[in-house]
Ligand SMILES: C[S@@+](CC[C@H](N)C(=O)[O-])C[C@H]1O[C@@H](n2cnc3c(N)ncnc32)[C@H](O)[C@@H]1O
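Presented as structure tokens, the chain that follows is alone, the form predicted alone.
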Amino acid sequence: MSTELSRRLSAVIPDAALEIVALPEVPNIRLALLQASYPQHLLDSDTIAEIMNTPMYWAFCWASGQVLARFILDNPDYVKGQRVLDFGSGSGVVAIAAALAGAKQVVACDNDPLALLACAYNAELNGVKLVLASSWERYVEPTDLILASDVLYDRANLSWLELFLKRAPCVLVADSRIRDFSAEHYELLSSNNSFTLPDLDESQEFRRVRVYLGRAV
């Protein structure tokens, strides 16, 4: 287990620990995630505030990430032989799936240094190699396909959809937050129920994950 990831996690959430989990919907991928038995009911207001100020998205496998990883492994032609960039990688689950599915190169892009550390650790755990990028703006290498899951949690983030298509000819987006998704040049490919690990007991509407394909004109 990564000592640095464990240390940083416990500094924010006392008595929390990481555990290596095989994903229920993608069992051939294993990730170091927040232990499901973490003492959520014992968190005081100061700790909750610290968690909100230091979000550790990388310690969860979000529903959209699990669905997009499954989609990629079931439909490898989208990534096979392609130069892929996974935007907002978090734990790296989608990037790892792309590497397992035969992508030529996979870039895990996240502005959180701990997320990149998690991506590197989880990639090694699954026997794949990822290129790590800390800045979308500074990574300017040619890209054939952009992957993005759970990045549209704020409607202001919808502007990314257009930016993605300016950077790459194809985009795969998985989302469970936007009800009236109607972005130009994007089409619905699939819709599946899923859940976040560890389970956050989210409402049913946030468990319905849709996968969209965007193509540049």
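Counting begins at 1, following the sequence as shown. Please read all numbers here as calculations on a predicted model, not as lab measurements.
Beyond what is shown, the protein has a form predicted in complex with the named molecule; the following relates to that form.
Asker: Within 4.5 Å of the named molecule in the predicted bound form, do we find a heavy atom from each of W62, V93 and V151?
Answerer: Answer is yes for this spot.
Asker: When the named molecule is placed as it is in the predicted bound form, which of 123-131, 74-82, 104-112, 138-146 ends up with heavy atoms within 4.5 Å of it?
Answerer: That would be 104-112.
Asker: Hey, in the predicted bound form, does W160 get a heavy atom within 4.5 angstroms of the named molecule?
Answerer: It does: once the named molecule is placed as it appears in the predicted bound form, W160 has a heavy atom within 4.5 Å of it.
Asker: Is it the case that Y57, even though its partner is missing from this view, gets within 4.5 Å of the named molecule in the predicted bound form, heavy atoms only?
Answerer: So Y57 counts as contacting the named molecule.
Asker: What are the residues of 67-87, in order along the chain, with a heavy atom within 4.5 Å of the named molecule in the predicted bound form?
Answerer: Contacting residue: only F87.
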